[in-house]
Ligand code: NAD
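First comes one chain, alone, set out as structure tokens in the form predicted alone.
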């Protein structure tokens, strides 16, 4: 008699792909023929090669983008351009499962997250800006004293460079690319060298959707090579960048001689502030998400968790119990909750912070190392640490992994001061049932985003970005439009 078993493992319908540049509508090798290896973060094995771009490849891409500005793309009506941008979103929707699986292969993240976030949000970005671009207006003023009419006219800024991160590769690339195209620009993209595959597939989709050759170009490579060439190129008018603070500073320095427009979404060391009047079970569920979603590789993750002292012990106990339930392992096994970190260099960085926590006298409530039984892959246990002070490196520096620190506080003034005691200011989360206090604290904490009794709910019309070292400018709706267009005032004597 046979016994039926039900496997929880999803059999991939995709395979890893070799990745070439996409310039002037064609997939091409590097000018010098160089490539580098793409490594699977789960098996630690090489599963493909990637073209390694240089300044010569970037220049070819920029020249193609410049020609395309003067070609059919620049002559299309707004509605025609909107139809093509919508078509990109439609094809991405049709290929959601393929996209989700490629994203999990490349990043090591769990397929559940790729299916829920990466794959559906990418087409949403194109659909949103396809609608937005045909509805947005501009300013106009009647000058009765001088008998003149003044109105604003927007034109694309030109060739835009997009330098993209590895944590949400396709989702964040489309978040920049969609408004850049909607505004009529042409683009040169450098994806992260760690996650090249979904960007490569997106180039196929862009061609299929009818985007003219040269409008969207992509060059793979590393920051000091391809990235630096984008920063310095005199014919690139603006750069949209998402990534580390130190990289943003380098881009600003290299771009300064050509006075490019810059839009930066940088790192965060985000406070999660929990007052004693909350439903602890609700807050624990929300904090599990804000701490460990995507293995903590999210810029708005709540990594400094401040808990009002009367509920501190109870919160830590319940938070740790729920954290221990998270299963780490094969990202294609639906019985698991979390996958691997993206690469060895990042794995080593996160593990180094666990050692620092030990040296600084921290208490590991749960986690603290590599999961048992996982000898291959860049896996880290979800980790909760207490007993550290405000001067701890784990409290002050972005770890970008599944590691959080929980600290007690006594007063509203104290926790606001602690939340603001950082060079970063991307986001915060406030948990309280006192609506007046919620507004007071949200307005007092220095960050670009403030979530009250929720985390990372996103309305694409609203401004997104950070203060201090966490960013430059805002994106979303009209805020993206402001960056990707040049505004001219036209004055007509009536």
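Since the model is a prediction, treat every value here as computed from it, not as a measurement. Numbering follows the first chain given and starts at 1.
Only in words, not in the display: the form predicted in complex with the ligand, which the text now covers.
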Open item on the list: Partner absent here, but in the predicted complex, which of 370-378, 108-116, 178-186, 258-266 has residues with a heavy atom within 4.5 Å of the ligand?
Closed with: 258-266
Open item on the list: Looking at 328, 416, 343, 163 here, can you tell me which has any non-hydrogen atom within 4.5 angstroms of the ligand in the predicted complex?
Closed with: 163
Task: Answer option from 174, 104, 167, 287, heavy atom within 4.5 Å of the ligand in the predicted complex - done: 167
TODO: Indicate whether residue 273 is a 4.5 Å heavy atom neighbour of the ligand in the predicted complex.
DONE: no
TODO: Please run the contact check for residue 308 against the ligand in the predicted complex: heavy atoms, 4.5 angstroms, yes or no?
DONE: no
- [ ] Consider residue 251 of the chain shown here, and say whether it contacts the ligand in the predicted complex, taking contact as heavy atoms within 4.5 Å.
- [x] yes
Open item on the list: With the partner left out here, check for me: in the predicted complex, does some heavy atom of residue 243 sit within 4.5 Å of the ligand?
Closed with: yes
Task: Non-hydrogen atom within 4.5 angstroms of the ligand in the predicted complex for each of 222, 227 and 400 - done: yes
Open item on the list: Where, within 170-202, is there a heavy atom within 4.5 Å of the ligand in the predicted complex? Residue list please.
Closed with: 172, 190, 191, 192, 193
